[in-house]
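Only one chain is included here, represented as structure tokens and corresponding to the form predicted alone.
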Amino acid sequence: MQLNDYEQEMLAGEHGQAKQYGMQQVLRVGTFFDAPDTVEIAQVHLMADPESLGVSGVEFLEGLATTPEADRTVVVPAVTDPRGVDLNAYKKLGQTDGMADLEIRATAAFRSLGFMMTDTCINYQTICPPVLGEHVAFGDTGSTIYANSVQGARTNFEGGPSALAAALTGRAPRYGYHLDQFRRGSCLFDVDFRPKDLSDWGALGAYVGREMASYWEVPVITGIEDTPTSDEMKQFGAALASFGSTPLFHMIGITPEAHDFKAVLDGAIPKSVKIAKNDLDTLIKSYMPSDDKLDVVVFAGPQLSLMEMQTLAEHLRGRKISNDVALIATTSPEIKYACDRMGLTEAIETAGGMVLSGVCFYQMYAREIGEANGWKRLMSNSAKLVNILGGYGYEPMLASMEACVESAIQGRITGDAK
């Protein structure tokens, strides 16, 4: 890799131990992917919850945090993904003091490094959305695919160490989705209907994701005539990234790089995969259990926007959730504050639900809290969450928000969900 004078200085340790580590990490990743040089990035979104970090990861961060302040401070705006513990609610969930302590230590280390503890995977909806052509370093798969596809920014999936390195140096290796040639479409999907709700949009993302053969495939979607909302794009992209390890999609006539086929496809248009409504119905039914038992309903993965929180509150207002079922909604601290102010939190909690701030269910020791509460059968309107939680010991199923709420109130999976 070609490094400029400033990058060489960081690598040599002339700007401190933290930036030397960062430049070493940039160089390792760039060398692996044959990057010719680096690209300056405008912002960082780091995914490093305490469950993923573990004790050793937190100790590493604390070591960086003890270096001189001028050397360790991040050089670009850097924000955080959801954490693992909501310190105001963790004991209700059966999380331990040890989990909370690790959270507190990690948060203190990140703050010492100059990170803004936004604790959200919907940073593009609540903090500072990137713009067309802007180079960034994002870690969460849902935020990465949204930034690349919906906003036309440029980033690869950046693991925790790489995102940390980007924040400390202001650099990322110039490879993959930072380059024009990797952003070209490679496969075509023709959708002959418009998904009706967020769970359908997630199911569509899941269907396309299952067709992906590698990280480098870029699906092109056609047939969507009415522009999707931000939340619809969010659920579609999050599911596509989860099922397909896919960082970028194009939607003809809708996403900013896809004015038409020629803008994103080279040569002849490839044969399309047709997707009909019954294909999504089949996918959703594949998660349907044989009985109606239900333990927990979760709205998370990604966190809920203000509009989603309003919809949930309206579904629950004046109603009561069954004592046999738990209902959890996760959102960002900024959205939680707005919900408190607008009475949405009160409506959800009065009905018996729990609103968690700054966390996302699958990143908050999901297996352990499932075991602590005896939760096995889980229901959600998030295809991403349903895809992930099967690996955490749950029996997840996918349904609309309305069906999830009705099932939580009835204390069992209702006919609407089936």
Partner chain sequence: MTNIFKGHPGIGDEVTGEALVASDNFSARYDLDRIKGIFSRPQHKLCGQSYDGKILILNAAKGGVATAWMLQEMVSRGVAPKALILNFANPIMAQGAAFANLPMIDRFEVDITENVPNGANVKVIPETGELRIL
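Residue numbers count along the first chain shown, from 1. Bear in mind that the values here come from a model prediction, so they are computed numbers and not experimental data.
The discussion below concerns the form predicted together with its partner chain, not included here.
S.K.: For F157, is any heavy atom within 4.5 Å of its partner chain in the predicted bound form, or not?
M.R.: Residue-level check for F157: yes, a contact with its partner chain.
S.K.: Would you classify A48 as touching its partner chain in the predicted bound form, given a 4.5 Å non-hydrogen atom cut-off?
M.R.: Result yes; A48 sits at the interface with its partner chain in the predicted bound form.
S.K.: Answer for S214 alone: is it within 4.5 Å of its partner chain in the predicted bound form, judged on heavy atom distances?
M.R.: Heavy-atom contact with its partner chain at 4.5 Å: present for S214.
S.K.: Would you please decide whether Q20 lies within 4.5 angstroms of its partner chain in the predicted bound form, comparing each non-hydrogen atom pair?
M.R.: No, Q20 is distant from the partner.
S.K.: Looking at G84, G170, G185, G244, which is the one with a non-hydrogen atom within 4.5 Å of its partner chain in the predicted bound form?
M.R.: Checking each option against its partner chain in the predicted bound form, the one that comes within 4.5 Å is G244.
S.K.: Identify which of F189, Y175, F261, Y90 has a heavy atom within 4.5 Å of its partner chain in the predicted bound form; exactly one of them does.
M.R.: Comparing distances to its partner chain in the predicted bound form, the residue within 4.5 Å is Y175.
S.K.: Select, from the options 36-44, 351-359, 65-73, 50-58, the stretch whose residues sit within 4.5 angstroms of its partner chain in the predicted bound form by heavy atom distance.
M.R.: Contact criterion met by 50-58 only.
S.K.: Hey, with its partner chain in the predicted bound form, do P129, G223 and Q235 all fall inside the 4.5 Å heavy atom range?
M.R.: Spot residues vs its partner chain: no contact at all.
S.K.: With the partner left out here, which residues of 126-143 have a non-hydrogen atom within 4.5 Å of its partner chain in the predicted bound form?
M.R.: Read in sequence order, the residues that approach its partner chain (within 4.5 Å, in the predicted bound form) are G139, D140, T141.
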